[in-house]
Each structure stands twice: as structure tokens, then as C-alpha cells.
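Have a look below at one chain only, the form predicted alone, in C-alpha cells format.
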Amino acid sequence: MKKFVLVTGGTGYIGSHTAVELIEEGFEVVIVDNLVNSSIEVLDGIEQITGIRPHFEKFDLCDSIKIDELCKKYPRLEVIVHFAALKAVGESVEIPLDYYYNNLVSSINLLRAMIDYNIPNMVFSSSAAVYGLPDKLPVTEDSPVKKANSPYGNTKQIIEEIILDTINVNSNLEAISLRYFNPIGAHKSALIGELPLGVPLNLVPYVTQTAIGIRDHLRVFGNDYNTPDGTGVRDYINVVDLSRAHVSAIKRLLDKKCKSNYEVFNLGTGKGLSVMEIVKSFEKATGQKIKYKIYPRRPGDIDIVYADTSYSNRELGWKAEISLEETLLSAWNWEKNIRKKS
């Protein structure tokens, strides 16, 4: 009998790729999304890749009544994979209350539903932002959680604390927080990928939109960081690799292999790359020249961060495997494909 998994924010970037991996692993996927930052057409892409259309419910997770109705409709839910959130660092600095309300209330509602409807497992989409400006690199799971550099990062810290506090008084619940570094790329089919609404807030879609002519140039925010070329350094991980880690985490929960009721894992490649290294790698992989201009730093950004992935590699039996060249080429193929449709 198939295991039912609820994927919140499942038509979003990481959620849609994880839905594909879950379906291909034999899970029954139920997606909830309010479509504020995604498109209903993503379901078509998931279906084209897997041959199966996931269950879909459109509503806002801040509506607890709708969550009750969902849990009654799908009484066999065993795992919640919680992606749904506002997630732009810079925007969160400008409109912090929107981020605190949306991200915290939706998470609290889901945790209440887990208790009320006996849904025992959660995989939480967390972030390397919880480490703030790390004291030393690479960042391990034991690195201190520090004051966040943005309201977005702070919501991830707070939600992790809420999950832990909830689990501490509900022994039948277990959760894993996956702390992402920087997801990039698209599915190799070019049927799903990152689809920002308006001006992209992440690097790679800005690069691909510049390459295809939608943007006149790439805006590089800061060239005075304490890094080899002055641009910010991050750990960029292929979104499919990232999604496969969620499958590993779910299996760990269902197979009762967790060492405690609450675990955290870093998801990255273990290697940092600068903005300009990504630009040059994209040019090499695709043959497209990228025009760029230097702009002031954005509020909330830090110089450098990358992961130590040895613990997640060992415990989850997972590691990032897809090359940077293949990743950037997949992002470019996705960009070209969506422009054909528009």
C-alpha cells in the first residue's frame, strides 16, 4: 500500500522536484499550494515526467479550517514535507511582518494538525541562513545557530524551535529539518524548474534571463566581500540532488532509523563558489555571454558560507552528485523551454 505524503508548497521550485522524486519512489503525493509564487501548470510538468498527476488542493496554510478539511479528506497521511513559505532574503528585510505571519502561522497550523490527526512525521524545509555569519567554515550541523541576518532567516530559526518544542511534549511525533544551502538548476527534462515571478531574486534565474534577453544585464550585488574575487560565495546544489535528500529523510523517518525525535542535516555540495565563478561556469557550459554590472550589497547578505556534508552523506546515505556544468545547462534548457511556451 502506498504511503501518503503531503507536500506543502509543492508547485514551487523545490517542492515540485521533490514531488517528482517521491512519485518515482512510489509514494502517493498530495500537494497544497496557494499559487502565490508558483503556477498551476507545474502539475502538468510533474505529470509529464512521472505519468502520474499528484493530488492537488489550492489554499493558504494560514487557514486552519482548510487544513482540517484536508486532513479529513486524506486520512492516511503519514508525512508532511513542509516547503510552503515566503523565502526572499532582501524582501523579508523590507516587509518583515508578512514573512513572520505567513511562515510562522502556517507552520503552527500544520503542527497542530499533526497532533489532531495523528500525522507522525515532518520534514521541514529549513535553511543555512540559521547559521548567520558562521565563525568557521565549512558549516557543520553542530555549528552554532546565530542571530539571523534577515527576517527570512529568523523565521527558519523560530520554526525549528517551535518544531522541537512541540516534539518534546508529543512523543509520537518525529521531525527532520533539512538546512539547505543554495538550490539551482532544473529537472533534466526541462519540464519543471525555477520560475520566479517578476525580477528574479536568486542568482541563476537572473543569469538565464539575462542570457535569453529578458534582462539587459545581470546585477551583481557587491564586489567588496572578503572573498577571492570580491563577490559573495555560496554552496550551490542541484535541485534534483536536493530533492532526493528529502526522499532519504522520509525513508529514515518511516523506517524508524532516527537517532532522536528531532534531527537536522545540512544539504549542500561541501564546496563554495562565488557569483563570478557561477557566471563564468554558465558561459562555459552554454556558450552564452553574460553582461553584468556591479551594484551595492543587499541587506542581509553575508560574505561566504558553505556546508560540511559529511554527516548527511553518512546518515542519510545521500550525497550531491550532479555536476555544476550539467546543473547550469539544465537551468538554461529550462529557460529556453519556458520561453517557447510564452
Ligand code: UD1
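Quick note: we count residues from 1 along the sequence shown, nothing fancier. This is a predicted model, so every value here is computed, not measured. Between two forms, the rigid core is defined as the largest C-alpha subset superposing within 1.5 Å.
One more form of this protein exists, namely the form predicted in complex with the ligand; it is left out here, but the text below deals with it.
Q: Open or blocked? Place the ligand on this chain by superposing the surrounding C-alphas onto its site in the model of the complex, and call it blocked when 3 or more ligand atoms come within 2.4 Å of backbone or C-beta atoms.
A: Blocked: the placed ligand clashes with backbone or C-beta atoms.
Q: Could you confirm whether residue 232 comes within 4.5 Å of the ligand in the model of the complex, counting heavy atoms only?
A: Answer yes; at least one heavy atom of residue 232 falls within 4.5 Å of the ligand in the model of the complex.
Q: Going by a heavy atom distance of 4.5 Å, is residue 272 a contact of the ligand in the model of the complex?
A: Although the ligand is absent here, residue 272 would stay clear of it in the model of the complex, with no heavy atoms inside 4.5 Å.
Q: Whether residue 261 contacts the ligand in the model of the complex should be assessed with a 4.5 Å heavy atom distance threshold; does it?
A: Residue 261: no, not in contact with the ligand in the model of the complex.
Q: Would residue 206 count as touching the ligand in the model of the complex under a 4.5 Å heavy atom rule?
A: Because a heavy atom of residue 206 falls inside 4.5 Å of the ligand in the model of the complex, the answer is yes.
Q: So which of 139, 89, 77, 122 reaches within 4.5 angstroms of the ligand in the model of the complex, heavy atom to heavy atom?
A: Here the answer is residue option 89.
Q: Between 215, 219, 188, 251, only one gets a heavy atom within 4.5 angstroms of the ligand in the model of the complex; which residue is that?
A: So the residue touching the ligand in the model of the complex, by this definition, is 219.
Q: Partner absent here, but in the model of the complex, which of 178 to 186, 162 to 170, 253 to 261, 113 to 121 has residues with a heavy atom within 4.5 Å of the ligand?
A: Selected stretch: 178 to 186.
Q: In the model of the complex, does each residue in the set 152, 202 and 301 place a non-hydrogen atom within 4.5 angstroms of the ligand?
A: Yes, each of 152, 202 and 301 comes within 4.5 Å of the ligand in the model of the complex.
Q: Would you give me the residues of 110 to 130 that have any heavy atom within 4.5 Å of the ligand in the model of the complex, in order from first to last?
A: Contacting residues: 127, 129.
Q: Would you say whether residue 177 is displaced between this form and the one not shown, judging by a C-alpha shift of 2 Å or more on the superposed rigid core?
A: Moves: no, less than 2 Å.
Q: So with the core overlaid, does the Cα of residue 225 end up 2 Å or more away between this form and the one not shown?
A: Indeed, residue 225 is displaced by 2 Å or more.
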